[in-house]
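Have a look below at one chain only, the form predicted alone, in C-alpha cells format.
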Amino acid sequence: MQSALECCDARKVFYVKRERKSTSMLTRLFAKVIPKYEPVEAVDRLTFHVKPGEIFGILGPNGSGKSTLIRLISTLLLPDAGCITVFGHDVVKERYQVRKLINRVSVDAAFFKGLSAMENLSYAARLYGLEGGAWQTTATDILCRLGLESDKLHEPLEDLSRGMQQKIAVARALLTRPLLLLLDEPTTGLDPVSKRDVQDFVLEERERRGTTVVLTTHDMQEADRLCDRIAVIDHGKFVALDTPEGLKSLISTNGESVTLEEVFFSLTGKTLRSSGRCENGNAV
C-alpha cells in the first residue's frame, strides 16, 4: 500500500545570528558590521511514513521542529536534503500536484478580518477554483457540523471569538476535500467546547472520508484521544514513535498507569515535579 506521507532523511537548517559575549566596544561594533551565524538543525534527517487514513501526531517542545516539518510537507519550505512525498508526489519536484492533495490549518489563521466568514470562504473558493454552488454547500455543512451558529456566518471576523475563527479556518481547509490534512496546533487557545468540536470533527472526517491527518499539538489529552501513532520530536529528531499506549509502556514500571504528559516530559529530558515519576534524562 502506498504511503500517504513519506519522509526519508528530511533535513532543514536555519542560520541564526550568534551573540558575541565580549563587552569590548570594538568587538560589538565588528559584530554589527560582520555578524556571525551558526547553523540550527530544525529538522534533523527525519525518516518516517504515515498510512492512508491515519491520524499521526507530533509532540514536542517549542522550537523542536514541529511547525518546520509541517511547512516542509506543505511545500512552504524547501528541504535542504532528503525526500518528502505525498501520495507518491515529491514536494519539491511536484509541488503543484502536492498542493492539490493537501490543505493546512495553523495556530494563527490568516483572514481578512473586516470580511465575514462567508466572504472569506468565497475568496478562498475562488483561489481554489471551486464552483459557487458547490463550495457554499460544503462550507455551510462543515460549519454546521463544527457547531458554528448560522447567524455568525455574515458577521465580520473581527467580531467573532478566537474559537469561531478557528472553526472557519478548519472549514476553509476542508473546502478542497484534501486527502492529507495538516493541522498545526489547531486548537491552541480554544475553550473546551470549541476544542472538543474541532476534535470531534477531525475524527468524523477521517471516518466519513478516510482523510489522513498530521497533527501537531501541545495538548496531551488531544493527542491521546485523536492519534493512532505519535512521534515525539526534540531538537529536530524523533526520540520516540509509537501508539499512545506503546509510548506509555516505555516509562511504565511494575504495570503502573502513566499519562502521555509524563511520557512527554521523560522523553524530552524534563522533570514533571508534580508526579515524581519522571527524572531528568532521556528515556530512549
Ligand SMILES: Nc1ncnc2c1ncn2[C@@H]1O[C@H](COP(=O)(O)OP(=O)(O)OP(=O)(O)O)[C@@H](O)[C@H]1O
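Given the structure is predicted, the values throughout are model-derived calculations rather than measurements. In this text, residue numbers run from 1 along the sequence as written.
Form predicted in complex with the ligand: not shown, discussed below.
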| query | finding |
| --- | --- |
| In the predicted bound form, the residue from Val40, Val258, Val239, Leu250 that sits within 4.5 Å of the ligand by heavy atoms | Val40 |
| Complete contact of Val16, Gly63 and Ser67 with the ligand in the predicted bound form (any heavy atom, 4.5 Å) | yes |
| Interface membership of His218, the ligand in the predicted bound form, 4.5 Å heavy atom rule | yes |
| Contact test in the predicted bound form: Glu185 vs the ligand, heavy atoms, 4.5 Å | yes |
| The ligand in the predicted bound form: contacting segment from 98 to 106, 67 to 75, 199 to 207, 158 to 166, heavy atom within 4.5 Å | 67 to 75 |
